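Presented as structure tokens, the chain that follows is alone, the form predicted on its own.
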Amino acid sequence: MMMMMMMQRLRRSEEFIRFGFTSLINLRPNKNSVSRSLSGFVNHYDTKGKLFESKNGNHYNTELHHRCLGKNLGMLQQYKCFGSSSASQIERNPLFSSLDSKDVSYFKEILGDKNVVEDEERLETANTDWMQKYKGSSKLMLLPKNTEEVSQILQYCDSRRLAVVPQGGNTGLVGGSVPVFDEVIINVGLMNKVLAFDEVSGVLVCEAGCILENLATFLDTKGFIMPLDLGAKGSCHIGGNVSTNAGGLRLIRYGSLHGTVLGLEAVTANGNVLDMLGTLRKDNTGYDLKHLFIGSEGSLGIVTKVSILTQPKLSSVNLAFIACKDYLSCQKILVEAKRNLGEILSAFEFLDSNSMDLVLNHLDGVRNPVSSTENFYILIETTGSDETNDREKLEAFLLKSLEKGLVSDGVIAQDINQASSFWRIREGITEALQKAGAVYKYDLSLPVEEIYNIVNDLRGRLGDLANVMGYGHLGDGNLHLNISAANYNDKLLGLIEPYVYEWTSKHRGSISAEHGLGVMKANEIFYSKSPETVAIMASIKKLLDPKGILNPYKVLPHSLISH
């Protein structure tokens, strides 16, 4: 009976989406369910707490001095944060200078008074990440209007050894876009012009401060789309997206920004402008240095311009929401989707029942699209150019999955509003977590078959102390592991860390799939990268930023980049 009902649902032609790509995507809620992308590295080091021993017997102590509210202790400052990393401290680098009135006067000369922000209310916002977990104490925010001004700012700050933090939309999740102490904030929001668009090649050239959604709107008028889609698209900047190698919902279709960014312009710590703003898909002349800046989180230079390959907007979009009894079925559906929907598959997202319950309990107007309650739910989006053929392919795929017992229930969106409500569930999880209380967030890359094992193991470890849930980009092997509790406490954190990092390393995963490392995981990098690799990263940092002024205390272990 259930199979007959499912077939009737899927065969009703009016229950399929019949609208263009942009209209569907633009109705996704503009909440800060931010995504970042970073590929995993399989290490060959045995974890022992936070002491790593390589196969050649060398020891590397990665003990972190860290946690997020600033304290003034004379010339020594300490930093504390809630719900992240180990319960120790970061100390302010004593070699950094402190801001004085002469510095402020200089910046006003080159930027004008209105673009040198000292207002306490505006600084309060700029000092704090959107999740209210990380908070700095900067007394100055600068708003450059072009690359030349960024260059002048950095040249001066480098000469004075004033630490800086690049900032865009401030939608990150690991404390990478806010000061740790009193770093000068350089916000590129005024650098928001589209510089060029080639309708033949689809290459877009723009400034770093362009908001992702504004770029999508611009491209929509040209018949193109951005290869990147994030829940925070209404706030995040393309420069920040590139600097963090943001992933998002379309990565399964279009790949990461390492593939779609064709060129960029960046300003290094000493004010040098690196013009790598190529628009060619092929350029095999020497080292492709742009890749150093994609995903380096502003620690090597400030991205000021970007050229990116966009995609033609296709007319046929279908969205299905289905329920599965177990995680094995989710894996099998993913394999079948890649085989049977390959060229039109554009998103494959999953969430567990805990995530669904959280959204239903904390967000108004949200309901479960399917009639049955199951352990897992999957969103499958297809995008193509042949509406009839695409619709038939998705219908046949879902019916086949039902017959195999992989799907217990499901529905295909019948209009724009229903499609938006489907996405609201998936992208509303972060908002629901915020409303539920304290949340410990982990962004992991793992072999697909291992993804949900860590959720189950952590539930067994924590018991009734917290609500553990898993969701994410199953098509990319990316789990968003979230632990929700009434409040932050050291006992709970001690059970979570370093357990999550050790588990991930043991199962050949990455501790940062797309959110980056920021201040939260800078000292945990050894769980995913070998000491030799990290040492080379530190040497690159030293070469491009000898005084360490660019986004200090982020990305790399503090013991390697202290000056």
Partner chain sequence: MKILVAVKRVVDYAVKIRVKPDKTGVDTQNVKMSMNPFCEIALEEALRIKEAGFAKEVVAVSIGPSQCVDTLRTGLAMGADRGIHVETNSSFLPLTIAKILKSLAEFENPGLIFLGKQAIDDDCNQTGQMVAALLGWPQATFASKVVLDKDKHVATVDREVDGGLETLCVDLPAVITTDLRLNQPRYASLPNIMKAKSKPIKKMTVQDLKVDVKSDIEILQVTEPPQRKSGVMVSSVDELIDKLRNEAHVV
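Remember, predicted model here, so these are calculated numbers, not experimental data. Numbering follows the first chain given and starts at 1.
The form predicted together with its partner chain is left out here; the points below concern that form.
Trainee: Using a 4.5 Å heavy atom cut-off, which stretch among 401 to 409, 144 to 152, 455 to 463, 125 to 133 contacts its partner chain in the predicted complex?
Mentor: Only one stretch qualifies here: 401 to 409.
Trainee: So in the predicted complex, is its partner chain close enough to Pro369 to count as touching (4.5 Å, heavy atoms)?
Mentor: Contact check for Pro369: yes, within 4.5 Å of its partner chain in the predicted complex.
Trainee: Although the partner isn't part of this model, could you tell me whether Asn284 comes within 4.5 Å of its partner chain in the predicted complex, counting any heavy atom of the residue?
Mentor: No, Asn284 is distant from the partner.
Trainee: Flag Ile416 as yes or no: does it have a non-hydrogen atom within 4.5 angstroms of any non-hydrogen atom of its partner chain in the predicted complex?
Mentor: Contact with its partner chain, yes.
Trainee: Should Ser329 be counted as a contact of its partner chain in the predicted complex, where contact means heavy atoms within 4.5 Å?
Mentor: No, Ser329 is distant from the partner.
Trainee: Since the partner isn't included here, can you check whether its partner chain sits close to all of Asp229, Gln311 and Asp443 in the predicted complex (heavy atom within 4.5 Å for each)?
Mentor: Answer is no for this spot.
Trainee: Just one of Glu387, Asp198, Glu118, Glu336 has a heavy atom within 4.5 Å of its partner chain in the predicted complex. Which one?
Mentor: After the contact test, the surviving option is Glu387.
Trainee: Of Gln89, Ser98, Thr217, Ser353, which one comes within 4.5 Å of its partner chain in the predicted complex, counting heavy atoms only?
Mentor: Contact residue from the list: Thr217.
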